[in-house]
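In structure tokens, one chain follows: the form predicted alone.
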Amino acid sequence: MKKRHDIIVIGGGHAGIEAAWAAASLGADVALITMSWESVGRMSCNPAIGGLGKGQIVREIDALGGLMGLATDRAGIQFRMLNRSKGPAVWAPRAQADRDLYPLAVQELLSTARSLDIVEGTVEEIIATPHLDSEKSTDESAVSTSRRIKGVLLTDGRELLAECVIVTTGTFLAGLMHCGLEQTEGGRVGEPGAKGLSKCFESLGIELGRLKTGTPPRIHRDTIDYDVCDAQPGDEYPTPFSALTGAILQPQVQCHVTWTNNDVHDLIRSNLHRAPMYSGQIQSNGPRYCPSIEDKVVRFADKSKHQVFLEPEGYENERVYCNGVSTSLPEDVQTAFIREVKGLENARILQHGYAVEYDYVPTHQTKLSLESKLVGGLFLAGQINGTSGYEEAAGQGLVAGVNAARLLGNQKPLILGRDEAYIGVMIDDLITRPPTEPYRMFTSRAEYRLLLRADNADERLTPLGRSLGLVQDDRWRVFENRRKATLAVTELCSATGIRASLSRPETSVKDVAEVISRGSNRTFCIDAIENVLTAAKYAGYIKRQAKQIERFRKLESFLIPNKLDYHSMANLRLEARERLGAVSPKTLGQASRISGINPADITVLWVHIASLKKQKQSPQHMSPEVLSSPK
């Protein structure tokens, strides 16, 4: 059987969900291929969404019309705004979700998408043709591709045809799980990996790498002594992720915190020879920012304890996720060290921790649009690009879905700037600094985080989403009403004389609300007051950051000619030639962020490009960007 679609999405994880939804929202005929409909939206690791840097991404996905925020609001069982004691620039929403309710929420939302088919099956091969139709892409680097997507072949013999394929395979690409000496093929417990696709990528000339991640034990909730653990409640008034959610009304659950101790650490040290990471069984790199408990004990030998967050996996789910003790030690060692932790002396492990190795595509082979440089119409999103985390995957999925749909319409790709979104920071980082370990978003990665706040994601991106066709009428009405409310508060602050006090640290939302309510005999939305107060307190910093962005945009607007021969530039260092040639940056700004490129290299590059342009036109007709150095 052969069936034609516009776009095929491989994988029903968080990247695949957003990719399929975005592409279908833009009118494309989409097929989402998954091993089973029930597994769509499944949370392989901790059932939690958001956190530092990650919560901002979820808000951006929502502002652009995506699903993750809506699904989290429906399935969340504990909501917390992290970093409340600090400034709004680093506030980060986080929610513990119900493992069973979250995929149900996702599946219900996906079922409302127009022109989206769910196909159960496993992809054996990506079919590509060597013929390049260069007119189908407006991306200048499209000429570097030597093949074009034709469709996919499933293991049962079915062939699906499409002009674009988006691969979002997560940890399933040649996935191999480790628990002590035991090795099992698969992307997560109980589910097989995708072996054929790795060979397919290699046949397409795409280089593969290998990464590793891990997961901790899950224990039975009734075997924990909560009285000796520290309670960690959610917020009294939960803040939703989605602008479409009026309020979080479902009951909140408590999480708890306990600690490892020297007995735990001694037990782990004495069994390091049985740990796959230390026995040589695992060769690939894992995430430094989220190390296993084995790594913590070795790398931080001076620490006598490490936190263990006990996070329920759902209202009715008996499993508790032991966040902080990811491990691939043998089962007997896991059981022993868990029972040395305070409050877990009688713990019963329901699922032991394990590490998983998987193939990924190093991102020097990928464009900023997330389209492959080697195969036209092939897009990559999620852990296949070297990232970790549901949120990072979902942000890439949305961008890949949009750009696949825009490629079909011969439209320019959506490229989010570093000054526009955390999603833009992430993708730019991936392309200019290809990861050698799983990439995770942090607020510190964003140069302009004062502007990229969780509270203003809709202001930054909803108009863009509307212009792309992603934001529908209901979301747009909510956005316009919020904008009107903020304007009304701003005007009343000026009329009542409190505007001069807004920038003072001691001025609170309550102070502003009392003054403007007396002045108008009206009540106002707390969100609108917070927006005005935050803008006032950050005004000076934002003004300075705006100047930095202006300089940044000059570099970003200085285009590098397509197919520039870096190896012919004698004044450029050999390392710089190799790195620039591998990435093929579009602008001087992008070139300046490539690992190993220094300011002197950028100057040499600028002079070379300027001289090329002088050969084509006289100086009096050259633009200011060419005649002056973009400092």
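Source: prediction; values computed, not measured. Numbers for residues come from their place in the sequence shown, where the first is 1.
If you look for the form predicted in complex with a small molecule, you will not find it shown, but the lines that follow are about it.
> Let me test this: is every residue among 66, 69 and 242 within 4.5 Å of the small molecule in the model of the complex, going by heavy atom positions?
Spot residues vs the small molecule: no contact at all.
> Note which of 258, 531, 365, 213 lies within 4.5 Å of the small molecule in the model of the complex, where distance is taken over heavy atoms; exactly one does.
Result of the distance check: 213.
> Within 4.5 Å of the small molecule in the model of the complex, heavy atoms considered, which of 372, 169, 328, 462?
So the residue touching the small molecule in the model of the complex, by this definition, is 169.
> In the model of the complex, which of 587-595, 30-38, 56-64, 568-576 comes within 4.5 Å of the small molecule (heavy atoms)?
In short, 30-38.
> Quick one: does residue 122 come within 4.5 Å of the small molecule in the model of the complex, counting heavy atoms only?
Yes, contact at 4.5 Å.
> Would residue 23 sit within 4.5 Å of the small molecule in the model of the complex, counting heavy atoms only?
No.
> Given that the partner is absent here, does residue 406 sit within 4.5 Å of the small molecule in the model of the complex, heavy atoms only?
It does not: once the small molecule is placed as it appears in the model of the complex, residue 406 has no heavy atom within 4.5 Å of it.
> Give a yes or no for residue 93: in the model of the complex, does one of its heavy atoms lie within 4.5 Å of a heavy atom belonging to the small molecule?
Contact with the small molecule, no.
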